[in-house]
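Here you get one chain, nothing else, as structure tokens; it is the form predicted alone.
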């Protein structure tokens, strides 16, 4: 029984790690490839989560819903709406430099979170949405449903990973990295800077929306606390920096490594004296920050840094 509990604890870590891997891959497309500093990940994550939840739940007098669509359709809707919102934000903010873009994206993400809390006729406000279905939920129950959901999440992660790799090696990806490294030279070569950046921002936001939808279906309950910037925005940036910005494999490795550390520190902090348990989240952030400092001191570009094109193609 003890080994069974440990196995399914590992399954839960891998499911959440897969969702974070999607967020890291999305951020790697925006920042690692395009140099766009998106500090509003939580906003697009929330859009995807609530869109998929509303599209797939049954009718309720407490919130918008009643569509009862399949989970795949809900995730598709999450990607489309998050991508559309990303397009609107990009058209306004993409011309800004990285630090100003970060401030603008944080502000927009907080506006979206406030809309979620206050528009209770759509989202049920702070009370949240319940009864969110899982894939094949009508055929499965209990721990077998967790195993199927694990396969579902990592299938999507692999699809996004291979798409991201194709984008990286494509002419589009090479042009994007040229804009990231030297915008003036890319513009002199005839590249449409704004067009490439808008496309990059939209693709990343769409993947963030899918990650949000998967999170809603995993927990089967969704409230504004699930889109906390500490857990969604800050932690994802730590994962990407530790794994290796510009490297899709590094994004996945960083997500799994940091999330495993974050989950295991919960076991440690729960054993602290009672007066310290209330501060456990801050202690965990301290431990993650210290780990990031150690990693970046030894691996300045992350555990798996981006390889230059000549080295990659020679290999």
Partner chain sequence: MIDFINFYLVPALAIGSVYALGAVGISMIFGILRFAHFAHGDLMTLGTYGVLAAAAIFPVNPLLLVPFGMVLAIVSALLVDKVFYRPLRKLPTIYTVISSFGVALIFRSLVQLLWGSQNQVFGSGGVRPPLVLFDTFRVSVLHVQAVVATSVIALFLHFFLSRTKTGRSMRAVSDDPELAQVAGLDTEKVVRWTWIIGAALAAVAGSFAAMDTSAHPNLGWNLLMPMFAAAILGGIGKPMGAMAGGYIIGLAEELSSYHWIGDHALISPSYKTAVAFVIMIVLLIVKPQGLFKGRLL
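Since the model is a prediction, treat every value here as computed from it, not as a measurement. Residue numbers count along the first chain shown, from 1. Whichever C-alpha set is largest while still superposing within 1.5 Å between the two forms counts as the rigid core.
Not on display, but discussed next: the form predicted together with its partner chain.
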Report task. Report whether the minimum heavy atom distance between residue 144 and its partner chain in the predicted complex is within 4.5 Å. Result -> no
Query raised in the report: Is residue 241 close enough to touch its partner chain in the predicted complex, meaning at least one heavy atom pair within 4.5 Å?
Result: yes
Query raised in the report: Could you tell me if residue 303 has a non-hydrogen atom within 4.5 Å of its partner chain in the predicted complex?
Result: no
Report task. Report yes if any heavy atom of residue 73 sits within 4.5 Å of a heavy atom of its partner chain in the predicted complex; otherwise report no. Result -> no
Report summary line: Given 128-136, 229-237, 147-155, 212-220, the stretch touching its partner chain in the predicted complex at heavy atoms within 4.5 Å is 229-237
**Report entry** Of 103, 159, 122, 84, the one that lies within 4.5 Å of its partner chain in the predicted complex (heavy atoms)
**Finding:** 103
Query raised in the report: Can we say 5, 25 and 253 each have a non-hydrogen atom within 4.5 Å of its partner chain in the predicted complex?
Result: no
Report task. Sequence order please: the residues of 98-118 with a heavy atom within 4.5 Å of its partner chain in the predicted complex. Result -> 98, 99, 100, 102, 103, 104, 106, 107, 108, 110, 111, 114, 115, 118
Query raised in the report: Superposing on the rigid core, is the CA of residue 13 displaced by 2 Å or more between the shown form and the other one?
Result: no
Query raised in the report: Is the C-alpha displacement of residue 288 equal to or greater than 2 Å between the shown form and the other one once the rigid core has been superposed?
Result: yes
